[in-house]
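As structure tokens, the next two blocks hold two forms of the same chain, structure 1 and structure 2.
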Structure 1
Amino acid sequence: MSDTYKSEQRPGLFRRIWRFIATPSGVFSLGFLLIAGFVAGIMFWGGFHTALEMTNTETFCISCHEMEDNVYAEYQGSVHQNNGSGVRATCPDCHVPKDWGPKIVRKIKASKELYGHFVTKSIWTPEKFEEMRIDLAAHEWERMKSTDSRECRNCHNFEFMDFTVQESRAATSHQQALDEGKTCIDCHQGIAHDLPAGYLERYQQVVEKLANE
């Protein structure tokens, strides 16, 4: 009797959704559902991947004026934009990890940048950007330092670095860095973008903060 009583009441929204999902299909064959699911899965993943890669291009980065007018402008003429071999490292090569897991984490964190662009407009003008620059730079230094400069090492590696073809000063410093277990960002701050005032002191603070964690 209690069953009849229950069926008379309209179930809640989540219960109805759950029932729709949990009820076996009475119309489609198992094979159709399997193949259709497979095809839909490929389409979805392909679409997701394409969208993700679309946001991982220089063109996408500089579609915001904050990036185009400040950091992209400074990057012009830097060694990663213009050099003897013609190989370029674009924005995502340094600022987005290559491995899938860290990449997705970085992408999710980057949603704060969208919030800053559309809502708070925190770096909307060059003056605002300049005010925030040291904090923005410190974020990147912290990220680089904590991952042993992972994005640099996608291309640069001590093990394949021929110190004998380097300027003697560079070779000495690189050997020293290798011996002391230093990482790229420990010396190479501001290689693609302008440095803010007091950058060395701030970098020391970042290092100390990470050492205490």
Structure 2
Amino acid sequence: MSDTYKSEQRPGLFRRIWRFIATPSGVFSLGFLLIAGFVAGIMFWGGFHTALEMTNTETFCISCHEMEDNVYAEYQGSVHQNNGSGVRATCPDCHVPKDWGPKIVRKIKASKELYGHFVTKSIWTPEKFEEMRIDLAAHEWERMKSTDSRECRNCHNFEFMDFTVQESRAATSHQQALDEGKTCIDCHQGIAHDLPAGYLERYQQVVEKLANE
């Protein structure tokens, strides 16, 4: 009776998993493929996400001399780096979307910078960078306008501003921007980086060129 009872007991967890994985002939079954695919998917996703986030840091952004010697140097001491509240906005905070879909699109588009760094060396020297500055800035400003300054609004949003505690000029400007449907970058160009001489006129020329492309 005891032997019969033991033989009718439910097999252990590992034995049940093995029975699900392997067929009686010892050939791996569909169950094994499903489990293996699931595990591989987790490992791929973890590796991909880790690599993606490694490229989304200030350290990575300034790993090429073009950024470290130019825009990062200008960023030093700006209100986005040092301020009374101690809240910093680093490169990816301003230039990379937080939402998954837009972030991936942004990363794919930014991959052409590798071509510019290794092949064309389009902004390899300070002189080349300065020559291209307004074009680079215009592309970024237009991108920000197209998303209603999405990255700015991660920290700043008209809906949550208390105009009564702002300086009168700031409160008036923000209220006007809100009434006219303007976005942050319409007024806050050059808040973290230098602006070239006569940039407004040159900016308009670049915008017109972009519109004709």
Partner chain sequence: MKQPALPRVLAALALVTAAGAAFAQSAGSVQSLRGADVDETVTVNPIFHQDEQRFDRAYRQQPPLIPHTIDKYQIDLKANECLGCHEWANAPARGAPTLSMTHYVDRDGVQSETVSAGRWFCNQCHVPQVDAPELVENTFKAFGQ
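All values reported here derive from a predicted model rather than from experimental measurement. Whichever C-alpha set is largest while still superposing within 1.5 Å between the two forms counts as the rigid core. One-based numbering along structure 1's sequence throughout.
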- Message: Of the two forms I pasted, which one is the form predicted in complex with the partner chain: 1 or 2?
- Response: 1
- After superposition on the rigid core, does the Cα atom of residue 193 shift by at least 2 Å between structure 1 and structure 2? no
- Once both forms share the same rigid core frame, by what distance in Å has the CA of residue 202 shifted between structure 1 and structure 2? 3.9
